[in-house]
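Just the one chain here, the form predicted on its own, laid out as structure tokens.
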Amino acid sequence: MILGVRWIAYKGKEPDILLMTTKISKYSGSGDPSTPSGPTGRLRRRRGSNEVPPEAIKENGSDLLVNDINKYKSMLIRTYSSVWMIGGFAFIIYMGHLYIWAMVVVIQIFMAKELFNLLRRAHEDRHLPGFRLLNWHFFFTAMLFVYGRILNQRLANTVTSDKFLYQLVSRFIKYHMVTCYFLYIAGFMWFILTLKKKMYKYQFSQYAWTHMILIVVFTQSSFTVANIFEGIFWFLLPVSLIVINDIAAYFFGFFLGRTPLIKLSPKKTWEGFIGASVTTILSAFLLANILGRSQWLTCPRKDLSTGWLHCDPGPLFKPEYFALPEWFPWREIPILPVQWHALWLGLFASIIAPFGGFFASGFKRAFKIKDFGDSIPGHGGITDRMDCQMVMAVFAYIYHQSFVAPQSTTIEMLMDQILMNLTLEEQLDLYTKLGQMIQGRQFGESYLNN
């Protein structure tokens, strides 16, 4: 006789199916002690689908999330945290480029901490003193390499007035790559020397995990800093579009969501995705017009100072006027050319960037965790908020360099190369020779004219 008992328990949004099978066998006559005469139990776990059953979705008698009373508390906590984050973010934007860069560095450190802890095992770490420090050695070596490449030009421009600092910075720039290389080699040798028997698998998995974090997370998010110094506009607009898309998707899904979008994230719906896409694209066009009128946001920063900026905004940020039909209350409407570029950013932020969030959702499912951390109430960890931002930062940088930045060599680009690559004596020599060449050309032209 076979009795089957099936217990299904839903925890959150993932079904956890346990199948208990009890076999009871009856034997007659022999009384052989080797023959099982009592009940034997076997507990096994069945892998279930990631798709949420209809019974789990229809809480409080409806399949709309808005009718789930328990979700309002979560929404209030999430809204409260968002207000504080947006307020702090606006203050840092007001402070300027250097403070925004510092904010990005702090975010990267918190993200690295959350991801390092994801595979950390306390038992193994106790037998490997100093091994956790090795992860941070690789992290800060990568930071020195990436930011040294991005900001060396601006660092040189900052210290041109001080001869000693300028020579020091010039040497750092010249030997920057070899310095970072030997720092990495030192970490590599450190890792080899700390290998312990029966710990090899754990240590090599941590080594690979650290490099994955540096490549996938740190390198992508570092493009954000390059965007900052091209003009805060090219940092603030992409970041704002991701925030707008995230908020719009949450509220559209909360009040209208019925149709699941993807199995990796059962709470995401088609209604939220479509509503957020339309909202983000429209917001991109309007927000670019507002942000593009501020020189503080549009002027590129050529050094690491914090003073106010004044520059020619360029043709992208000068309004063009378009006539409207007579029945409109306005005769013409001003549109900045950069608004057409903003539409492409909005399209990417609403359709492609969310796949960064889907990737993070699949990642969390693989490790059976709800969030990467708990540093932001209602949102989870820093990494939970930055998944789409990293994808967007890379696209914004590539788009700017491909379609916005001047492709031909300009005087400013030549000056930056001279300041970065030539010593002060070489610059003076160049100045003297260039003056002689200009004087000779002027003398030749005047001789021909006479």
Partner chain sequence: MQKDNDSGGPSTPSGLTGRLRRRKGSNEVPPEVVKANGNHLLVNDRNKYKSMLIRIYSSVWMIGGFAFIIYMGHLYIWAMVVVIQIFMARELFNLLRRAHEDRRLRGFRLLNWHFFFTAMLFVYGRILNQRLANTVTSDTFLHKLVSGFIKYHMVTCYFLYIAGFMWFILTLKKKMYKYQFGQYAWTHMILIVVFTQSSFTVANIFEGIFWFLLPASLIVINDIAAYFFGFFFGRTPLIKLSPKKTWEGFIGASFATILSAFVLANILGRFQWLTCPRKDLSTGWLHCDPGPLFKPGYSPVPQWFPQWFPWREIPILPVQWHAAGLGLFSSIIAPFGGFFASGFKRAFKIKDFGDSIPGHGGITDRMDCQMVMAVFAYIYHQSFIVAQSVSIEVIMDQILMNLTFEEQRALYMKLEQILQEKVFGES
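Positions refer to the first chain, counted from 1. Note that this is a predicted model, so its numbers are computed, not measured.
Another form, the form predicted together with its partner chain, is not on view; read the next lines as being about it.
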| Is residue 279 close to its partner chain in the model of the complex, meaning a heavy atom pair under 4.5 Å apart or at it? | no
| query | Taking heavy atoms only, is residue 141 within 4.5 angstroms of its partner chain in the model of the complex? | reply | no
| in the model of the complex, residue 178 touching its partner chain (heavy atom, 4.5 Å) | yes
| field | Interface membership of residue 201, its partner chain in the model of the complex, 4.5 Å heavy atom rule | value | yes
| task | Go through 287-295, 330-338, 94-102, 355-363 and give me the stretch that gets within 4.5 Å of its partner chain in the model of the complex, heavy atoms only. | result | 355-363
| request: Report whether all of 110, 131 and 347 sit within 4.5 Å of its partner chain in the model of the complex, measuring from non-hydrogen atoms. | output: no
| Here the chain is shown alone; which of 321, 164, 367, 72 has a heavy atom within 4.5 Å of its partner chain in the model of the complex? | 367
| remark: Among 106, 76, 193, 83, just one has a heavy atom within 4.5 Å of its partner chain in the model of the complex, namely 193
| field | residue 428 and residue 307, C-alpha gap in the model of the complex relative to this structure (3 Å or more) | value | farther
